[in-house]
Every structure is written in C-alpha cells, then in structure tokens.
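Below sits a lone chain in structure tokens, taken as the form predicted on its own.
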Amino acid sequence: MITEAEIDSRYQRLDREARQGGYNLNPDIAFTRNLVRGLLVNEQRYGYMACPCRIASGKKEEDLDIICPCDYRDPDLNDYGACYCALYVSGDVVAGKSTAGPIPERRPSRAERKEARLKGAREALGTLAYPVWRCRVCGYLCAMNNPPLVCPICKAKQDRFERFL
C-alpha cells in the first residue's frame, strides 16, 4: 500500500529534479500525484519506475525505454507540449500559453523493439567467427560451434540453449 507520505516525498523529489533539469511537472497537482502513485506502484511491482501509462513487461532490460523519465519524453514535449502520460509538460503549458493535446504513442511494438536490439547487436558485433548461443533459462551467452552440454551458470542442459546470433 502506497502512503500519502510516500507520494508527497516522491512528488517533491521529481519536482525538484525536473526543475533542476529545466523541466516542468504538470501543474495539476491531483493529476500529477496520481501519476506519482502509479510510478510508486510500478516500482514496488517491478523494482523500477515504469511509466504508469504504458504496460511494462516486468523485465527491466525490455522496459529501459519506459523507465521514468522515459526515452520519449523530450520528443513528446517538443512536438506536443507534454509527455505521453502528461507528467512532464512544456513551459508554455505551465504558463497557460498552450494546452497539451492528445499525444500519439511513439514506443515501437515489442517485436519491433526486439528486432532493433538484435539488429544493433549484430551490427555492433559484425561478422563472428562462431555462432552465439543463449541459455533460455538464465541468459548466459557463449560463442562456439555448439552450445555447452551444461550451462556454467544455471546448470541447464544443452537443449535449453538457442542460437542467438
């Protein structure tokens, strides 16, 4: 259960950090506190502050782009005056010179994100002399002609390995 004191404390910290970085939290305090509550719930649930307006996978490496402040905050602020969940808003919105309208989702689908990660890994590694095998149990990676008989980390058998690159 998230307490009001926890919400107050995190709200104050986020507001201070936002101001120090040249950003603004949404001036609608009740709305913003509700978003902060969502961040705290996600932090308890997953161990990190996943954006409350998106569905997190629960796997930090898959959700790095939506850990608040998310990767999409700045482009959304520039284009629409607010981030997707409207926790952060532009100075013009705070001053009442403009209003934040609907913000389209920028986050690629899970399949597109996975393909982009694999493509980036392939490009970074270039052509390898050996295939890379990944243990589906613990994520251990090794480069050799065949996967090991037993994973040196979790002791999973060879059939639990998949070709990674």
Partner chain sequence: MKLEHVPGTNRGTVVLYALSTCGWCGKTKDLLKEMGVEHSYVYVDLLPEKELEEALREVERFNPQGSFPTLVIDNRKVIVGFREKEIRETLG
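Numbering follows the first chain given and starts at 1. Keep in mind it's a predicted model, so treat the numbers as computed, not measured.
One more form of this protein exists, namely the form predicted in complex with the partner chain; it is left out here, but the text below deals with it.
query = Looking at the partner-bound form in the model of the complex, is Q44 within 4.5 Å of the partner chain by any heavy atom?
reply = Taking the distances in the model of the complex, the answer for Q44 is no, it never comes within 4.5 Å of the partner chain.
ask   = Is L35 close to the partner chain in the model of the complex, meaning a heavy atom pair under 4.5 Å apart or at it?
value = Contact check for L35: yes, within 4.5 Å of the partner chain in the model of the complex.
query = Looking in the model of the complex, any heavy atom of E115 within 4.5 Å of the partner chain?
reply = E115: no contact with the partner chain in the model of the complex.
key: Contact test in the model of the complex: F31 vs the partner chain, heavy atoms, 4.5 Å   = Yes, F31 sits close enough to the partner chain in the model of the complex that at least one of its heavy atoms falls within 4.5 Å.
task = Consider the chain as shown here, without its partner, and state which of I67, V132, I103, V137 has a heavy atom within 4.5 Å of the partner chain in the model of the complex.
result = Only one option qualifies, and that one is I103.
ask   = Looking at the partner chain in the model of the complex, which residues in 63 to 89 have at least one heavy atom within 4.5 Å of it?
value = Result: Y84, C85, A86.
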